[in-house]
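This document starts with one chain, in the form predicted on its own, laid out as structure tokens.
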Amino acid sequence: MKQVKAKIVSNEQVAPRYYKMRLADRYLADNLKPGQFIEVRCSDGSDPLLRRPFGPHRIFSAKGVFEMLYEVVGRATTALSNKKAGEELDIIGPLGNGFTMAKHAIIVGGGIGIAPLLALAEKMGGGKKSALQVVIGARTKEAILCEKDFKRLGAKVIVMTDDGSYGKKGFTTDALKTLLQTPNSQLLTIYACGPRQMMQAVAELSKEYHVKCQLLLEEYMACGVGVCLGCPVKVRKDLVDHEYKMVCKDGPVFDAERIVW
């Protein structure tokens, strides 16, 4: 972990409410892993006071750059969307623990939760080597992200929208259940990130079909190192007892079977 001043290479709107920012910093580009996150000071002043957590969307170690894909939802991300190329961001990272890689995987992303999963797919080598399957879900067509990026990796991509305006009508878990009903699905590993309700449903399906599953939890992580105790998650300590872990320090990636919903 290190505090750095990363230079903004570009900051472009890619969809309504969504922006992609490319940042240059050799230390972060060399050390960030899929599933980890960084804490970003989004403005130069004291409003907002606290940093915001973002997972790497893409990592280009050879070029010394990485990307964030984010949704504008409040003052912090609004300030971030107004940043220009050439400016610098005060960043702390890498933080947390990343994914454990598997050869055969299903990636499930809901809404902006798909953003950090592209870095994972690229680290795996894409669908050409890993027979990667990807389920992307959102409420409407306008909120679907990263479909072309995953297809460029050779992955089989299924798109689900709540209103049926694009892809298939339904939820990500509808498509996941169908994929898990295929032969040898027990050899797969599920990687998921998205709304809590979706994550719980994914965890329940992984248990039902006896498939390994890693969840990237999205919580408000103010300090990023477990000091503020602001992001507790209840997990199984053993077959009987439970305990609390900090999403920022002990996660944000957890085995699905450990989470107590």
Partner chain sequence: MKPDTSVKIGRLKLKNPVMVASGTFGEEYRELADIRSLGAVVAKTITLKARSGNRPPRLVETPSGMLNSIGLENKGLDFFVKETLPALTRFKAPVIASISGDSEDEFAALARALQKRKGLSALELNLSCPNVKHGSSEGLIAQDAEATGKIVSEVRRATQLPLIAKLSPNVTDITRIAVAAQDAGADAITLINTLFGMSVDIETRRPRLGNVHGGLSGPAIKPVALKIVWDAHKKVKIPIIGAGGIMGHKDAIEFILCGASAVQVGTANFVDPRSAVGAIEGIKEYLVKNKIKSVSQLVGRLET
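Numbering follows the first chain given and starts at 1. Please read all numbers here as calculations on a predicted model, not as lab measurements.
The next section is about a form of this same protein that is not shown, the form predicted in complex with its partner chain.
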Residue-level question: is Arg75 within 4.5 Å of its partner chain in the predicted complex, judged on heavy atoms? yes
With the partner left out of view, is Leu217 within 4.5 angstroms of its partner chain in the predicted complex by any non-hydrogen atom? no
Even though its partner chain is not shown here, does Val227 get within 4.5 Å of it in the predicted complex, heavy atoms only? yes
Test of understanding: in the predicted complex, would Arg58 fall inside 4.5 Å of its partner chain by heavy atoms? no
Check, residue by residue, if Arg17, Gly164 and Gly170 all come within 4.5 Å of its partner chain in the predicted complex, counting heavy atoms only. no
Specify the contacting stretch among 219-227, 28-36, 62-70, 200-208, defined as having any heavy atom within 4.5 Å of its partner chain in the predicted complex. 219-227
Stretch 233-249: residues contacting its partner chain in the predicted complex, 4.5 Å heavy atom cut-off: Tyr244, Met246, Lys249
